[in-house]
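One chain follows as structure tokens, the form predicted on its own.
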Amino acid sequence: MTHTLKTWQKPSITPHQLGTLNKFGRPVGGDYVEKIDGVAVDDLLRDYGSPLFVLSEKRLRDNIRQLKRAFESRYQPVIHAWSYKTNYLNAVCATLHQEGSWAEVVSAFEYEKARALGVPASRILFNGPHKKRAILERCVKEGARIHIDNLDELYLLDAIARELDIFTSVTIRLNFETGYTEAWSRFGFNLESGAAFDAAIRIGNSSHLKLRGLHSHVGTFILDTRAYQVEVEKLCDFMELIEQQAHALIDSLDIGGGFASQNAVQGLYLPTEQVVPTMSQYADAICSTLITKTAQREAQGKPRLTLILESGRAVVDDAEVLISSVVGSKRLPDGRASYIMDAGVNLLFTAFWYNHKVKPTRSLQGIAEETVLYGPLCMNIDIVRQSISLPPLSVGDSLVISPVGAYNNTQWLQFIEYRPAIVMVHENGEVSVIRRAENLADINSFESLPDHLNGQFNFSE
């Protein structure tokens, strides 16, 4: 057999450019975020500093409109009540109220915040396990819709309504097993034990309370829409029971929230777009079940039920990003690259359970490698991303972390570092500061120093 020898060629090394395909696939790092809604990230950092939260008014409005279209095209009437605890920045709440969302609050603070924004009490749903007499009296006088959580609250509310001689419509919160979510038995009255029926009977025997609504919230970040089908079925079955035996006439079912966003839950290895239901899929499961379960209701002379939603995360999460800058780098003992950012878990509380998307703000050169992103806090748990593939970074480089709109601006900490500014990019491209950065005067304004501790310090040499 004859073999043909190939001509020898000198070996060479050809660098692969990030963002292009090669035999190793598409390297991480070629995708970068240069602008947010048309506004350059560099300009935002120059004008407002780093770290910086940036909200998109357009995305926020698009999200709530998409949610409403999905449900209202399948069922009428539908009310969306904005979950204040998810993000109670005034600009966020006002935007959603402009789009027709009511307010769903879980504390006196949130109720007062909604009223101060101009939300009528009749458009506020008051949830939560902690409602003191003073706020309940105000709610009864102003006509807010109160969701009763426990028997002590029921007794107190009944006494207040009788003392004020005001007939008050109420909703009770239920908890139960769905088979698809962990039971949230801490909140509301349990269905299986009979506590919910007992509460309904007690309200039915009240001279001043009228049971008009049923509410449940079966979980958070729910990925299986069958949970909502079971929820609606159980609420409707319980409604028929108490309308027969508790002198009630229900006019609304509040199915809470729990719709997932496109955030990556730690431990979930499939891409979010493969596992997170669309808003249409959530709406199909809920509305089709409700229509089936209430098909004979109007023929019986009963009012058509109002469907109430309290979605928060799915509305605001991807409407906000956090821009953070590299302030230091080091190689860990195990060989991994690591970088210190000027934003940590003090600002990004959700980093404890999400693997947030992280993108540079410019095209990066170099080979991507496993990297740890730390925050600036003197805490070992201050980790923004435990493991992510990134090309080499330099001090001053900025990264865009997303989505961060849900729960970070309500659960963030004033710890070690000042909390930064939050800006909103409007649909016309203008930028507004919707919460300015903190300074020492802000922090000290809450404190008072006793006279005998003011000065005259005795420092030894």
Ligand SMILES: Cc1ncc(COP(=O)(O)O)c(C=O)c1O
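Numbering starts at 1 and follows the sequence shown. This structure is a prediction, so every number in the text was calculated from the model and none was measured.
Beyond what is shown, the protein has a form predicted together with the named molecule; the following relates to that form.
In the model of the complex, His215 approaches the named molecule with a heavy atom inside 4.5 Å. Proximity of Phe259 to the named molecule in the model of the complex: non-hydrogen atoms within 4.5 Å are present. None of the heavy atoms of Tyr48 is located within 4.5 Å of the named molecule in the model of the complex. In the model of the complex, the named molecule lies farther than 4.5 Å from every heavy atom of Gln365. Of the residues given (Glu231, Glu320, Glu310, Asp149), Glu310 alone sits with a heavy atom within 4.5 Å of the named molecule in the model of the complex. Of the residues given (Ser280, Thr220, Ser73, Ser193), Thr220 alone sits with a heavy atom within 4.5 Å of the named molecule in the model of the complex.
Judged by heavy atoms within 4.5 Å of the named molecule in the model of the complex, the contact stretch among the candidates 81-89, 373-381, 201-209, 357-365 is 81-89.
Proximity of Ser325, Tyr339 and Arg385 to the named molecule in the model of the complex is absent: no residue of the three has a non-hydrogen atom within 4.5 angstroms.
Taking a 4.5 Å heavy atom cutoff to the named molecule in the model of the complex, the contacting residues in 168-204 are Arg173, Trp184.
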